[in-house]
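Given as structure tokens, the chain that follows is alone and in the form predicted alone.
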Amino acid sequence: MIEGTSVFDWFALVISLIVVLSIYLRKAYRGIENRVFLGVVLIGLFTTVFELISDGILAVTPLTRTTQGIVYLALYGYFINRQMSVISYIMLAFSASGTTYRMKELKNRILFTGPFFLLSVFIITNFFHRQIFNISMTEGYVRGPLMFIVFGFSMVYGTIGLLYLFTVRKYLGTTKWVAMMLLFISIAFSVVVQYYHPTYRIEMLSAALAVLILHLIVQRSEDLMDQTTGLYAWQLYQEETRRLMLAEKQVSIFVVRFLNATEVRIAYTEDRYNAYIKEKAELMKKIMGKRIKDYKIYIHSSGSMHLVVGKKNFDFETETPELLSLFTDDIAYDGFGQRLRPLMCSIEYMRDFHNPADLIQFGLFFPQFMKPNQTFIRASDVVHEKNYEIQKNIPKIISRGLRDNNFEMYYQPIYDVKKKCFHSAEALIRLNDEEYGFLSPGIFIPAAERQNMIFPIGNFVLEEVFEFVGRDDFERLGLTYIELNLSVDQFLHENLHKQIAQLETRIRTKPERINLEVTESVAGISSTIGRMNIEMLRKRGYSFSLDDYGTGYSNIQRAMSLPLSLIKIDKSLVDEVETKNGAVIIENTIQMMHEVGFQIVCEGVETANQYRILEAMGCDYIQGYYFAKPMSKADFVRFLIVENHCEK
């Protein structure tokens, strides 16, 4: 440093102020990594300001005792902040690579920060020995013989930072690693230049430019934080789980998943849902803040929050019971939370799972492993069960089933209450795997939808059912039609109506023998393609029914606008028909649907008492184990030949 204000420092000051303003406007100050980065920027800004103050006074003001004292203070501030900036760069490397846990060990903290504190003491004692620098009334600023120690400290720590970046390269990814390397290399270059050529003061400008590049390319708030909830973004969770695997570090994870988040967001607006999530996240932070500081909360768009605690074997159920009750006893937020259906689980990563793919899959789909009325499970209780192995290998099982013809259609009769005979039947697909045996659709259908394998399964269903109802002897079974359920993806495929029309022509099937079941999730979709498919099929003579009524939050008015002839009340409601409230709901539903011209099927009827109650309420059709379980095609035909004799 010499007398005279450097234009490089003014550029550095402007760049640093722009970055600080950008961080504030983009709200990129939330989260540990963002806060570390903000610290880097602010330390660089303060260092530049101290240098400008000392240079400005030396350049334009005659030295007096007062101005000499101000210059001394500014220089001490400059040198101490300069050393802090080198430390902050390395802390940024720790934070960006997700390896800050390594600083928890006392010996590592001492090795990392000890030299900095010793150097700071050495700089402060310059007031007595004047071996680093001096402010002379005649010569101004003068370097001392021990200045090399200060610059040497920067070079040593910069070298350590460079070497550390090489060791954590696999944690950072190419873009972030290159940007971080650029920061350290530019600083190292500018330190060497400024030490040997004091007039070329480019150190602060180099640091400011490198920080600007980091901010624009790497430190993007949208990649780190979810802008609507203020929680960590899902992309960062995926990166974090990969880093933890590479470091073989064990952590505890708590997941809360709202099963019906999509339906609730549609029905009650996205803003209200996000406000609820933000409120819950703040309460989670208060609960965890009393127990442990090392935690992060990530958000997934499907409706789940993932709390990662940097401690192994953290028992959420016993150590933070209020965390579980925060969702199970939810009456807050104007009752909005009671509309959501939260399920929770705890995971020990890297004990229960050893790679990010298995961890993420389980965290998103753990509800399928839970028992009825269960709201919380531990991953360790299910990962060794057969059901988990099936889910883990389900893509292979489905592919094998399609290849080896392991899929088979079953049929469950539907009883006509007035005519006292079977009126129709629902087609249900089954999978008999050579390794795992019979698998229910509840296991492989959701998996097929996730793996984009639902279309070949759907094509199999269409072929089998159309071939069955197209047989000449179908009429002797006494059935009006067969119901089959198409997935949301099939309804949203633009060629569905053409595919069914071609199938109908090839097999010579009568459209009136097919009833297509539409779930509430399909009915709630406002897709032009979906509506077009339904309308084209209606014109060809196909009928439609609304399946699983009472399980979702779709717009019922929108569903009623579809060409439906039948409403199927879900088993979850039928199970309550023997209770006072359940009976009132079902009876009013039947009456309401009859008034607007729909017939009613009650699903899941299992007892004679349920049947008698529903018959008295005016239910049109009954489906359930009380009359018959789903049967293979051969057993189904034999059953109807013997049993199906309608009353005239």
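Residues carry their position along the shown sequence, with the first being 1. Computed from a prediction, not measured in an experiment: that's the story for all the values here.
Missing here is the form predicted together with a small molecule; even so, the following discussion is about that form.
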>> Can you tell me if Glu603 lies within 4.5 angstroms of the small molecule in the predicted complex, counting non-hydrogen atoms only?
In response: yes
> Is Pro441 close to the small molecule in the predicted complex, meaning a heavy atom pair under 4.5 Å apart or at it?
Replying inline: yes
>> Does any part of Glu348 reach within 4.5 Å of the small molecule in the predicted complex? Heavy atoms only, please.
In response: no
> Taking 4.5 angstroms as the cut-off for heavy atoms, does Ile123 touch the small molecule in the predicted complex?
Replying inline: no
> When you measure heavy atoms, are Glu240, Val255 and Arg378 every one within 4.5 angstroms of the small molecule in the predicted complex?
Replying inline: no
> Using a 4.5 Å heavy atom cut-off, which stretch among 186-194, 317-325, 541-549, 81-89 contacts the small molecule in the predicted complex?
Replying inline: 541-549
>> Just to be sure I understand the contacts: of Val383, Leu205, Leu428, Val150, which is the one whose heavy atoms reach within 4.5 angstroms of the small molecule in the predicted complex?
In response: Leu428
> Which listed residue (Glu504, Glu517, Asp416, Glu263) meets the criterion of a heavy atom within 4.5 Å of the small molecule in the predicted complex?
Replying inline: Glu517
